[in-house]
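Shown next as structure tokens: one chain only, the form predicted on its own.
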Amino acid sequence: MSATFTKSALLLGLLLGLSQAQAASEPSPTALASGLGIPHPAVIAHRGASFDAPESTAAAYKLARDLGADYLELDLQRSKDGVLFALHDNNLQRTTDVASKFPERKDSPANAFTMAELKTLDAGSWFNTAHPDRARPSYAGLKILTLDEIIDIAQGNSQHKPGLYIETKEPKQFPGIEHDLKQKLQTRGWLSPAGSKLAKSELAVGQGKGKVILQTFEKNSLELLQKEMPQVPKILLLWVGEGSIEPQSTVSFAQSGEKDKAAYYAKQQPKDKAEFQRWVDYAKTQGAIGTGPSAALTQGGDQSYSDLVQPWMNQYTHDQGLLVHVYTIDEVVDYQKVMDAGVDGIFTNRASELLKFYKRPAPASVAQVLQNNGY
């Protein structure tokens, strides 16, 4: 054996040893989650239990809470008169009757309306039209909710108090929303003191540091959230496309010849391994405790995007001491796939199904919980 080969082998061994030592020095994902007061694996109710009830309404959030979801997830916006409320879309047309109530303003962004105007809208009837198999007369007339009202719902069940998982949605439209959010959470007693310890025997939802998780796709908003609330866990959401991970292919959906966007997105890959790693590294340097990557779904559909939870990606993220919460998964085959790949929690519209999958069955059926809450 040559001396050169021996030196090379020794150097390689040393480098491997160092990288393994670095990975070993990071706590396991379970220990990391436990230390932060975040359930592992986490059940994150995406806009509430939004498969079974109109998204971001009281019916969806009460259902998710009473089924036993760990977190009520919401997209945060701010009304024209400064009230924080939950709505996913920039526009009100998909999920409200804005076209009949305010026909001349139907194309306006939601933040062009006062909270009083937003409260006149029916945010439930669209669901009955879109999903007749899950329709309920009581969904008609459901209202857009303020953050205050969602906090009230989260606190409203003495048996189970879920945490809140809050996204700053299109934060450039709402300068200062990170500060406004801090003020509201502080006022409502939802910000734990920096040094607060968790009670050892308690699952850490609704108390301790893991009571609130903040999430954003926007680098600038992550930095502002970290500045405003350094002690609160934060997630950097990831996808492949403009404003996020640079894609390998520059071919647009229109140019691709694909029939549907799910098929197009499923083929999108990060430009290279280093590009994915750069975003994970950025999340860590800005104080995030994890990432929220997209997934490609077995059946496709409009929630199916680039597969950013491949085992090597999750391993790299874990090696940096970060958690992985994947969005948005509703089928058992996909629950299994992403858990096998190593994720630490799942955003789902079907909290009842994910709880069942995790062998944490709900205390009552979806129909019973809805009925108990007057729906």
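Bear in mind that the values here come from a model prediction, so they are computed numbers and not experimental data. All residue numbers refer to positions in the sequence shown, first residue = 1.
Keep in mind that the form predicted in complex with a small molecule is missing from the display, and what follows is about it.
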Item to complete: Could you work out which of Tyr282, Phe253, Phe217, Trp126 is the residue within 4.5 angstroms of the small molecule in the model of the complex, going by heavy atoms?
Response: Phe217
Discussion item. Under a 4.5 angstroms heavy atom criterion, identify the one residue in His318, Arg47, Arg350, Lys62 near the small molecule in the model of the complex.
Written reply: Arg47
Worksheet item: Counting only heavy atoms and a 4.5 Å cut-off, does the small molecule in the model of the complex sit next to every one of Tyr71, Ile213 and Asp344?
Response: no
Fill in: Contact test in the model of the complex: Lys234 vs the small molecule, heavy atoms, 4.5 Å
no
Discussion item. Just checking whether His88 would be counted as a contact of the small molecule in the model of the complex - the rule being heavy atoms within 4.5 angstroms.
Written reply: yes
Worksheet item: Using 4.5 Å between non-hydrogen atoms, is Lys209 touching the small molecule in the model of the complex?
Response: no
Practice prompt. Would you check, heavy atoms only and a 4.5 Å threshold, whether Lys169 touches the small molecule in the model of the complex?
Written response: yes
Worksheet, complete the sentence: Note: the small molecule not shown here; in the model of the complex, the stretch from 322-330, 336-344, 62-70, 308-316 having heavy atoms within 4.5 Å of it is 322-330
